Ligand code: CTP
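A single chain comes next, written as structure tokens; it is the form predicted alone.
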């Protein structure tokens, strides 16, 4: 295959190399070629919307240098031009300066001082084209979470103007879902939601979370502040305990029900556990999140205070009912996830944060003992007594199971 004369490594790969990170993907921009010449060299085209091609041997993406012109509302309302487009023009269409760099061999091409912004820890938009694509508000917030960078004042102001214009209404649920799931994999995911709140975007993109902003909590238990602040601290604590994205999502949404607490009972939140379930369901339905996230969120809302009080539990029947809901006789996945969310909840409280969390081991111990129970001898004994009806046998098993758990809990 004849080599391409003018090809440049671009975007995230250059950014990551300058930051001492191993690039996950390597994307290239090609100058001076056409779609026909790329196909003739053996490249395969990816879709029809953009001039992007896959290398026949490495599978890396090679895109023809292009500019984009906004011709309609929404982030899909763009048309592209590739004839006579220079590398600098291609870089100028990108969102942030740290993503608008290229390398030709060892030579860095950095027309917007992306390296300087990396060194300063700043996220700065390249130009006015940033304001034509609402996805870039989410991306800027996501990069704030990934790198801990500050958003430049002028970029913050542009993001705020985009929100006020209603630009974010054009975002599809699928794209918001994708960005959020990516963020849940970052080390400090709360930065994403804080960045959105700072420009007024949280109420548009994640109204359930925005509903927690300014909601008071009992100061003795929650000196950290309002319910949104608590949720952010819990999310970050959970990120220290688990890399599982469903678990982190459960931590994020565990207190959504506090947004529905009547004003006359604040700052207490009686019943917020079950009140949060419809909000989780609403959020998951709107964003089209996978069912694994929905299940994790529901269980976290329902049981996060129960597991916090598991040391004081004196009702074996309640424990049995909870373990059945958690399917503890089949898997410990839900129990383990709840134990982590509970620990994060206890440690995400500012000065009142728990140093130790013995409830996690206690909960797992209860789950293992529940799973250890063998119902077969109970069923056989019930049949020997002439109890053959399904409800009779089920009642005998439930009673025996409660006795089994009572002995483990030392209630007998």
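Remember, it's a predicted structure, so these values are computed and weren't measured experimentally. Numbering follows the first chain given and starts at 1.
This protein has a second form, the form predicted in complex with this ligand, left out of what is shown; the following refers to that one.
Residue 279 falls outside the set of residues with a heavy atom inside 4.5 Å of this ligand in the model of the complex.
The shortest heavy atom separation between residue 60 and this ligand in the model of the complex exceeds 4.5 Å. Among residues of the shown chain, residue 228 is not one whose heavy atoms approach this ligand to within 4.5 Å in the model of the complex.
Of the heavy atoms in residue 306, none are within 4.5 Å of this ligand in the model of the complex. Residues with any non-hydrogen atom within 4.5 angstroms of this ligand in the model of the complex fall in just one of 308-316, 236-244, 166-174, 95-103: 95-103. For the options 327, 203, 161, 182, the residue carrying a heavy atom within 4.5 angstroms of this ligand in the model of the complex is 182.
Site annotation in the model of the complex: the residue of 124, 191, 334, 136 reaching within 4.5 Å of this ligand with a heavy atom is 136. Along 198-227, a non-hydrogen atom within 4.5 Å of this ligand in the model of the complex is carried by no residue at all.
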